[in-house]
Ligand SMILES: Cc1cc2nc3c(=O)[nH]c(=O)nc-3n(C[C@H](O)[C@H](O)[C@H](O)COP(=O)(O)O)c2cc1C
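A lone chain, given as structure tokens: the form predicted alone.
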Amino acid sequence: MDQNIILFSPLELAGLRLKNRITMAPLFLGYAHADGTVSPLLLDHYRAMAMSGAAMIVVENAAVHPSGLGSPFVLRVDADKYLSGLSTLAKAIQKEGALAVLQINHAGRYAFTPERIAPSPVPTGDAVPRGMTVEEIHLMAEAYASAARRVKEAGFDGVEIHGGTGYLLVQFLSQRTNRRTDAFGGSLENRMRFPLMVVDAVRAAVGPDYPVGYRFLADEWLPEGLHTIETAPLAMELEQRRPAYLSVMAGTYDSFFAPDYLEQEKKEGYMAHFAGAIKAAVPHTPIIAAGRIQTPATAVKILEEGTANLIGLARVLFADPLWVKKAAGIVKESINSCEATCSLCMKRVMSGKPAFCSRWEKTVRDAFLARLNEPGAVENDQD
């Protein structure tokens, strides 16, 4: 524990007190019911993540509009009827001593819907999305705002706007996917207009003091895609709007299976340098670094070097929910590391099945698969 003091030091964040510097970064697992409601499986998962000892749990993306669902099994926050389940989820996380944040999102051209909408009709796979009208752009900004209002009403400690993974906000920002010639396309200033409009609408909906974080894409990891020369100016615009934090990531669904990304993704802390680049651009904004931060030593180094203020664990915490307690010396066993050559969790999600981890003990894995057969656990494909 002594060498990990900085990792377990508290941090004040937009009026919230984080008990340590470890957060759970959002990780989609396909655990929600098919109607977008909170399932018992999802509830138990986030209860376990909150019990890990991480200071803040960021719940995976919830759709702000029916046109923006990225999967048949994604959480929804586009209507008041979802409030009860989301409130139960927030309370379950908070009861275990962690702060609860819900991420809101629109998948855009990656949506799992008959008609996809996006800034421009740039194909993704076999689908060609329809370019959004200006009226739809304004309506979608209001959808984010209404969703954020529901997040606050449900009792979450904060809301995170999903501006990563190549989803709708990134699609507007990137020239690769934004071919518009109106006020929302062309120059970087114009391409930033919609993401900033969303942030402003969310802030107006939740008030000046409610914590609003932003999942921030620093680089698309594609030669023709976004790089920090264009994303750093967005970070500076966001800093003027006083976000609770920027949770920095890199890569999109268009790059996740590219050879270079697949090779780099195996390395520990492979995205941390992007967090450092954004931190340099916005020194007054708390930064979360993520990307296979497997060991406490790597996490400590990131914090001590000033690369970031907080550590985000996603698959690493999924592989070993005791990571935090092991790093603190409470549990003496060695950390069960996420396997760098394995992508079982992503493969299952991409095939429409609820994720589990190849690193889980057989008894845990068998219990999970048996759980899928329980009535009402989750309305998803099984083993």
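None of these values were measured; they are calculated from a predicted model. So that there is no doubt, residue numbering starts at 1 and follows the sequence shown.
Below, we refer to the form predicted together with the named molecule, which is not included among the displayed structures.
Between 190-198, 287-295, 84-92, 217-225, the stretch whose residues reach within 4.5 angstroms of the named molecule in the model of the complex through a non-hydrogen atom is 287-295.
When the named molecule is considered in the model of the complex, Y270 lines it closely, a heavy atom lying within 4.5 Å.
Contact check for P26: a heavy atom falls within 4.5 Å of the named molecule in the model of the complex.
Taking non-hydrogen atoms only, M49 never approaches the named molecule to within 4.5 angstroms in the model of the complex. Looking at I57, you'd find every heavy atom of it more than 4.5 angstroms from the named molecule in the model of the complex. The listed set V202, L313, A118, A299 contains one residue whose heavy atoms approach the named molecule in the model of the complex to within 4.5 Å, identified as L313. This chain is displayed alone, yet in the model of the complex one of T165, S146, S255, S174 has a heavy atom within 4.5 Å of the named molecule; that residue is T165.
Along 334-360, residues C345, M346, V349 each place a heavy atom within 4.5 Å of the named molecule in the model of the complex.
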